[in-house]
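What follows is one chain in structure tokens, specifically the form predicted alone.
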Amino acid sequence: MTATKGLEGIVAAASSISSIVDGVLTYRGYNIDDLAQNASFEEVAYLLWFGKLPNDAELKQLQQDLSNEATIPDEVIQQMKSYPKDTNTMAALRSAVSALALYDGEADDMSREANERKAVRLQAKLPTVIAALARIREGKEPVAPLAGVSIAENFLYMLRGEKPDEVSVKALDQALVLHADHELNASTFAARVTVATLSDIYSGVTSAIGALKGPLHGGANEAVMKMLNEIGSIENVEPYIMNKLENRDKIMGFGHRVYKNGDPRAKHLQKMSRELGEMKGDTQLYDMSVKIDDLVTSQKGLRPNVDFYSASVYTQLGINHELFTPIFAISRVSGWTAHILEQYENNRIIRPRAEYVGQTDQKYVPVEQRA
């Protein structure tokens, strides 16, 4: 046996949910460009769960189900209020999602029908949990979800306490579509490993959130925003980036293990960043991002990934950087739960081997004889 570092290039599962072939990302065979330009996030969630785009009646039923399940138990809100104010937001989200299982009477029902209902429940409740966490941290009371609106609109409403404008809703909805699934990424693999033991769907999603918390996975867009804040103005971009490159420092938001010619999602977020900046009459973040993009691409041959422009998009939506990764989870829970459902359907416990590289032929020596 020979180990492959990071399991790079290893095919660890067969899946019909999403694919990345020759730099093209598809969900159930639909090109991400087609979906990003035309589909709502709710349509994409249905596609990931059920393998087809919904008809009008199916979409309306899903929208109703999501609306009905958007509230969270008062006990979970009280628990969130007890968290330390400086708690990492992803750590708080991980704890709150785990707690949701305690108030779900179907938590341990492993039937396909119950797990589909729990997938909808998790998708509906994550935006409410995250908005509540943000408001509690600011010393405000959580805002109850609206009935009959999209996940994107509801999240912005619960976060701000007022109805958002259509451009902001459209931008967030498209961002959710772009982040919904990404084949066997770290958090999805973590979810599948957990539920392959026949643990419950909440355990799988909690594992996924734990993996997404890491800065090499979901936290990269926060690091991009931190970099933009450090640079401060477009005049500082070139000296800052050139200094980073000369010191061989990692520049977050560039490069991707499975994309050699650029992340196909990045262009949609770049366009979104420009449109939001123009709408607000301030394109500084967009202009800085483009200049960084040009420098890193020309100097290193690295192209931006999905995290790079999402940082400026979320900031222009008035979203604090601490919520960037949790918003990723709002979208990706659709993919996580789709993979969990698929894992349950054709399950075998995931148990790879390790290449042993330690000492051999060791002999036991009594403790009094050891050096």
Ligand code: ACO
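Bear in mind the structure is a predicted one, so any value in this text is a computation, not a measurement. One rule holds for the numbers: they count along the sequence shown, beginning at 1.
Omitted here: the form predicted in complex with this ligand. The next part is about that form.
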Contact test in the model of the complex: Y314 vs this ligand, heavy atoms, 4.5 Å: no
This ligand contact in the model of the complex: V306, any heavy atom under 4.5 Å: yes
Y46, heavy atom within 4.5 angstroms of this ligand in the model of the complex: no
This ligand contact at R257 in the model of the complex, heavy atom, 4.5 Å: yes
Contacting member of G161, G232, G262, P215, with respect to this ligand in the model of the complex [4.5 Å, heavy atom]: P215
Residue among L176, M90, A220, L126 with a heavy atom within 4.5 Å of this ligand in the model of the complex: A220
This ligand in the model of the complex: contacting segment from 134 to 142, 115 to 123, 98 to 106, 294 to 302, heavy atom within 4.5 Å: 294 to 302
Residues of stretch 242 to 267 in contact with this ligand in the model of the complex (4.5 Å, non-hydrogen atom): R248, D249, K250, I251, M252, G253, F254, G255, H256, R257, K260
